[in-house]
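In the structure tokens that follow, the same protein chain appears in two forms, which are kept apart as structure 1 and structure 2.
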Structure 1
């Protein structure tokens, strides 16, 4: 067995339907006495719900969390945070809201309490991606790791099916890359395989009945496991491509994860035979790249980058940007092969391993 180093990141998880009722007690546990509640414009009702549960501890709401965490939005939220003399943030939503809370914590070292409403997984990582001047950059800093995460599947019951599927595939990407990223360990391999297995099982059940609470619970548990992998194992080509396309071309985050994941896996398959075997077990398919394409496609997800608004002529620019500052990857990045991979994803072709 090869040598490895495994680091477990600090953090507290409360899991269970109805656990949102514990938000005030958990804020007290963290020592938050003046909380700024964060949401997107579409989820202000959830912000109101938390403000009611927090009572006098809530000193304001900021409802402009935005995809890819633009720095200018963060600075506006920081102004409100400081004006309200807040000492913590309570963020409810998906990756956009979690990212905003992390960006504030980076600048203030405040306490964070996060309630995810999607499967994005950022809440379990010390990673923060920020966008400024058309470029998305990623940093790792323990200050941005939330202190407590409350996983309440009740918040996912109303998540539209299309968002459910793409968010779940965003989570799946964390598990897939954790199997061969630089920080891969036997412990993370077990977590990644189990997380992927739960998502692969839950997605068709949710597609058949989006209100199925047990399927939603399973998907949220799978997403938590996958997010744990992201927080500890690292990332590779797939996430680099997503950061390039999202930051430079403003393509939707979860949707590009969904469209790119099977192709990134197909690109790396020849270099990661053990990961392929694990994914065969997790997906129940001899061809996991095709399975990761079929799983969201059968649930109605868009699988072509061109249908997400990416012009074909930007493929070469994306390749260049990927090669300018590549993430560690098990297979060397060949410009010709990388272009072919992106063109296949652009056209929505079904890949194979």
Structure 2
């Protein structure tokens, strides 16, 4: 057997519908005695719910978490955190709310308790992206890794179907790339395959009935496993392309993951036979690139980058930017092949392995 290093990050997970009821106990378990509750303007009702469950431990609420973690919003939240003499954050929401909690933890080293309501997966990583003066920078620091995560699928029942599908494909991308990026280990391979399998199974069931509690449970479990891959494994061409398109061209995050993933996999397929086998098992299809296209497409997702607002002339620019600072990738980056891959994603073609 080949040798490898498997480095797992610490963290406590409470999983189950209704487990939000344990929020006060879990805050106490972490030693949080004065909590600042975080969420977005759209989810203030959930912030209120947590404040009620935390009782006297809740010393304030900040409901202005914002996409891409703008530093000015973080500093406002930090003012409230300090004024309230808080010693921990309890964050409920998607990646934006989790990001705000991480940004506060980076500056205070406080304890974080996170209740995710999307499948983005930030809660399992020590990564933090922040924006200031229109520039996004990303750092990795163990202070930003949340100590405890409560996964309660009841909070995902309200996630609209289009966001559900693209958020789940965002999660799937973490598993797919962990299978072949540097840092892959037999343990991560198992987690990635199972995470992908759960999502592939759950997405059609949610599309048929978005309020199916068991399908929501399965999707959240799958998303957790995929997030673990992002937290402990590596990323490659697909994530690089998403960072180029999302960062430089401001295309929407989860939607571009959805449209690009089958094409990035098709590009790498010839170099990663074991990953393809794992994805065949996970998707139940002999052609996992086509399966990763059909899964979101059949649930109504937009599969052409042109329909997400990308003009065709940016394809060439995206290839150049990808080659300027590439991520390690199993198949060497060939400009002509890469351009063909991006053009296929731009046109929304169904790829094959």
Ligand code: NAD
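Because the structure is predicted, anything quoted here is derived from the model rather than measured. Think of the rigid core as the biggest set of C-alphas that the two forms share within 1.5 Å after superposition. Residue numbers count along the first chain shown, from 1.
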Matching the form predicted on its own against both blocks gives structure 1
Shift of residue 84 between the two structures at or above 2 Å (CA, core fit):
yes
2 Å or more on the CA of residue 213 between the two structures, with the rigid core superposed, yes or no? no
Next on the checklist: Does residue 18 move appreciably between the two structures, meaning a CA displacement of 2 Å or more on the superposed rigid core?
Outcome noted: no
Residue 134: Cα shift between the two structures after core superposition, Å, came to 4.1
Rigid core fixed, the Cα of residue 317 shifts between the two structures, in Å, by 2.8
